[in-house]
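As a starting point, one isolated chain is supplied in structure tokens, in the form predicted on its own.
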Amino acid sequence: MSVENLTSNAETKFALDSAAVGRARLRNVESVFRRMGSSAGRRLLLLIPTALIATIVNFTVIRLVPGGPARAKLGIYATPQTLRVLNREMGLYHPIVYQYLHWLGGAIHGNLGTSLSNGANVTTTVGRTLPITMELVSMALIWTFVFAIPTGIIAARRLTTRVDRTITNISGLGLAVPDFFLAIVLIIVFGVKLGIFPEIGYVSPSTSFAQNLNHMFLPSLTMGLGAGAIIVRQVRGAMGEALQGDSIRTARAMGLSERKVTSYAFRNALPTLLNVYGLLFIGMLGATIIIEQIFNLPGMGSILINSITIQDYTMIEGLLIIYVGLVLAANLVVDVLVSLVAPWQKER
């Protein structure tokens, strides 16, 4: 056989092998996305009964609290007759099952009802306050991305050293200090004493983007510091474990740079970190209720506290279903992202 034929056969075999490898990789990618789509579809179906149960619990529990919107509106000296009249006007004399089905039918069509205290449209109120709450949470998460993750990586790369112990002690202090106390300290230092940032209040980005960031700096920093302490410890633990793994030792033995080794270790720790961020997002939604009150931010948390005080059933129900939706959406997004970055993990 001639040299030309041998060369041609080798090139053909190489091309066929390359094509086979390409097809195998494509099948693997398609398999991953099919599995992700199937998993996401099942979780979406599970969200429906979960959200339904949450609305039933919320609807029932708030009505078990003594008093009611009529009593809160008329005061403690209102007569039973006037209370009956106002309850009938508010539609609260119908059976609770009828009230729930009437509210649920409107909620499915995007109508969360009207406030029992001032007649405000609940859907409109949510549309006005939700962006403020989400802005606060987003800015707090940015603090953790910028500072906490790199700090955790530094601690993981220097385990048991003085740097690691210092970072661990500082993060422990951040975990121990309550958000409300930290908020007061930041207001006194940066607002009252130094006068760098406004103590309280809110300015819409549409009015002034710079003033908006100025007013949101201290509230987001308050939440970001507490959350950052959690992220530092989680990144340190996950990265420290990954850096001790067999694959990382092999990578080092092959002569890869420490930067690439750290990148591989972070990729291995990413599924754990994504799950932590999912829980952190949910926790931050609860923390906004306190932070918005302290900094006088007109977000969902402030409206919810005010509505609970006056027992405004409709407003409470509307806000709570949005919180439930955000929590369920966060869980779904985290599950999809984990499946994307770590397709080898078994589905939960």
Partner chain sequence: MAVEDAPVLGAADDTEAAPLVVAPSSSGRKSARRKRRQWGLRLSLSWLILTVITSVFAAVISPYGPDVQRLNKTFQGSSWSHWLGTDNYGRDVLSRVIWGGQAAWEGVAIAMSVAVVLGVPWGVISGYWPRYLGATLMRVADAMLAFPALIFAIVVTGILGPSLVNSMVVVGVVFSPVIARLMRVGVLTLRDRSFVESARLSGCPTRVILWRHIFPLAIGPVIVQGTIFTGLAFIIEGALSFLGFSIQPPEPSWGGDMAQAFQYVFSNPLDILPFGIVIAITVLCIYRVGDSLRDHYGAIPAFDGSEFEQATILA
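Not measured: the values here are computed from a predicted model. Residue numbers count along the first chain shown, from 1.
What comes next is about the form predicted together with its partner chain, which is not displayed.
*Asks:* Considering non-hydrogen atoms and a 4.5 Å limit, does its partner chain approach residue 256 in the predicted bound form?
*Replies:* No.
*Asks:* Is residue 244 near its partner chain? Define near as a heavy atom within 4.5 Å, in the predicted bound form.
*Replies:* Heavy-atom contact with its partner chain at 4.5 Å: present for residue 244.
*Asks:* With the partner left out of view, is residue 272 within 4.5 angstroms of its partner chain in the predicted bound form by any non-hydrogen atom?
*Replies:* Yes, contact at 4.5 Å.
*Asks:* Considering non-hydrogen atoms and a 4.5 Å limit, does its partner chain approach residue 180 in the predicted bound form?
*Replies:* Yes - in the predicted bound form, heavy atoms of residue 180 and its partner chain come within 4.5 Å of each other.
*Asks:* Just one of 80-88, 152-160, 208-216, 101-109 has heavy atoms within 4.5 Å of its partner chain in the predicted bound form; which?
*Replies:* Single hit among the candidates: 152-160.
*Asks:* If the criterion is a non-hydrogen atom within 4.5 angstroms, does every one of 139, 248 and 260 touch its partner chain in the predicted bound form?
*Replies:* None of them does, since no heavy atom lies within 4.5 Å of the partner.
*Asks:* Can you tell me which residues in 135-173 come within 4.5 angstroms of its partner chain in the predicted bound form, by heavy atoms?
*Replies:* Heavy-atom contacts to its partner chain in the predicted bound form: 159, 160, 164, 165, 168, 172, 173.
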